[in-house]
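Coming up is one lone chain in structure tokens, specifically the form predicted alone.
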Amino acid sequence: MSVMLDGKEGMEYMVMGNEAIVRGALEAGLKVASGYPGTPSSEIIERLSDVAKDAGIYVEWSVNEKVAAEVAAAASFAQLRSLASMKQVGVNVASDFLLHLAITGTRGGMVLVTCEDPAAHSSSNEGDSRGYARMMEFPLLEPGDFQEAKDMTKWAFEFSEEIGNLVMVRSVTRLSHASGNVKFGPLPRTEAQAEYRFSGAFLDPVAGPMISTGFGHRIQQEKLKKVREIFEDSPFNTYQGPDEPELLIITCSVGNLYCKEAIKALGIEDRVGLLKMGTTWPLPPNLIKKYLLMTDEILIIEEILPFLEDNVKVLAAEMVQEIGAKKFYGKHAGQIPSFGELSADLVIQSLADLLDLGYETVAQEYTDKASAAAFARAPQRELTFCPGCPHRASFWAIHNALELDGRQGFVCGDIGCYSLAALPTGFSTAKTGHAMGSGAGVASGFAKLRQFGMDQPVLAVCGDSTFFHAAIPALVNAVHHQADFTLIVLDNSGTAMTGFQSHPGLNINAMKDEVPALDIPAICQAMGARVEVRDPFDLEETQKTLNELMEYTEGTKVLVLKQACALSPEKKRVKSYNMQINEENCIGQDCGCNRLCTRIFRCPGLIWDEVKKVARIDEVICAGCGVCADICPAGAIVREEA
């Protein structure tokens, strides 16, 4: 059993921020949860799916974030408490539905949890989704520590029901993935009965149909007014410090932890005040005024965009006759960067500069020495596909097929492990890369430029999870408009990049139930595309098929390259082949492009022996896929059945 269910009321447990959010949802009586995987949010649905059957809740990995929001909304409409979870870029996908949901409102408490990735550690961008709360006019909460992550999530469901609208809870990487002590509360023992009432008047929030219309905007504005009033007395907004500080810090989220550490490190508890905001949209004006009156100098600390800073400044401008002119420090004035993660050192340095403390967090000389040492002594490592990854074989065949074709063909890329195709380790094959599914959409656009003289072959790639997430509409569009390009579906049997979460192409769901799997080739054939299926480890056949498809110009083609990820549970530590090097046959630097296997193919399982001047197999990490035997022109790499 999991501590998420077994954890006792009143006891403290060390849990991740995402687990604190899960416990808060369970304490609130959550019944339905949905999401799409993506770091740093994935653990929320994973932990909930672990306990789903014991807790009597329904949990799913939805096909994309918009559908996840729709699934959770349906539960809310039927008076159940629900949660939708996603990372920051997923909110962009969900935003179309969320904009309408903000108008119709909700019934059972519904919480949108977004986990964001400042510094883009595991993302293609570090987007800040807080702007959606302002644009869509629903309340935004930002927990400032692990206990608040639990308590605030629980309260968010009650609050959602009180105002009849979606509530957004925003976490960030250092809260979602770090751990801290959290005191657990009681778990409810309630039976839920779902019922969707729709026979009332059109705008009846309890018994009418849930249909988004412009008439709802006035109601939405009234809800927002009520939210401001509730936020004025929220216990999630706290102040620590003197009554008349020299400097007032206003912060939110993990900025709260960094500020506390900085104030303690500098010993300035009697000089600065710390206003931690948990309710960051809409801001409660009277509370903000109360603290702005304390001093004339304000430093605002938050990650990524100046969301809190801008909103505080708007209120300050509106109140200027009551509070007087203030001097603000933060992102606009340059004390806090507008990109990347914050740290305690950054906050300490900003406070030391503003208060003229003559304090240096880390001497520049030390930083320079550390950087030089890291560059000189750390082993050179490059971003690359894992040993045995089918994507390396796929892009080897794709690259060689394009070279053989000779018409400057190119690949439109996508988001996933296969984004590495843009780098030398992917043979620099991908030439565009944007959102999930956009490779197919952009490629279909290129393919309609034939009438303007473009005769270059156009290819696109997407993963199997991405195929269901966002590539299907692009493929529908391409087939309908007879776009001449080839979509290559890199089917490695799972959402591999984020931890093998289930998707509609698999016969298992998030709760480990057996479910029908959707057949990708059959779907593509039903659309009217020409479809081929190959094993990417068969390099010769894959390349031959690609060249044939590039010659075929009558509409949209799909090549499904199906081979399970080397790290998937069914393949991990299971070798198809034992690999060896015949040193007598290895011609080393005289081979192809000067060590073809270790310099060009770059599988980490192949090592160049500087002493013997031959390739070697790294037995520790070689996955035994056997593909390298096919790329060796000298026949020096030998495979034997494992």
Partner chain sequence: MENGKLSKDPYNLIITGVGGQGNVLASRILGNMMVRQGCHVTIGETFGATQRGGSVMSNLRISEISAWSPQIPKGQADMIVALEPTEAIRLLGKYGHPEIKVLTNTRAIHSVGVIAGELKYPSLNEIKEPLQELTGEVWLVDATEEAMKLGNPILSNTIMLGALAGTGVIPMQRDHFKEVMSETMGQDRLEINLKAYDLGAELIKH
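Residue numbers count along the first chain shown, from 1. What you see is a predicted model; the values in this text were computed from it and never measured.
One more form of this protein, predicted in complex with its partner chain, exists but is not displayed; see below.
Proximity to its partner chain in the predicted complex, defined as a heavy atom within 4.5 Å, holds among Leu355, Val560, Met497, Ile268 only for Met497. Of the listed positions (Gly453, Pro379, Gly406, Gly214), a single one reaches within 4.5 angstroms of its partner chain by any non-hydrogen atom in the predicted complex, namely Pro379. Heavy atoms within 4.5 Å of its partner chain in the predicted complex are found in exactly one of 162-170, 412-420, 445-453, 291-299, that being 412-420. Of the heavy atoms in Arg599, some are within 4.5 Å of its partner chain in the predicted complex. Among heavy atoms of Pro604, some come within 4.5 Å of its partner chain in the predicted complex.
For the chain shown alone, Phe339 is not a contact residue for its partner chain in the predicted complex, no non-hydrogen atom being within 4.5 angstroms. Although the partner is absent here, Arg218 sits far enough away that none of its heavy atoms falls within 4.5 Å of its partner chain in the predicted complex. Residues of 363-394 placing a heavy atom within 4.5 Å of its partner chain in the predicted complex, in sequence order: Tyr366, Thr367, Lys369, Ala370, Ser371, Ala373, Ala374, Arg377, Ala378, Pro379, Gln380, Arg381, Glu382, Leu383, Thr384, Cys386.
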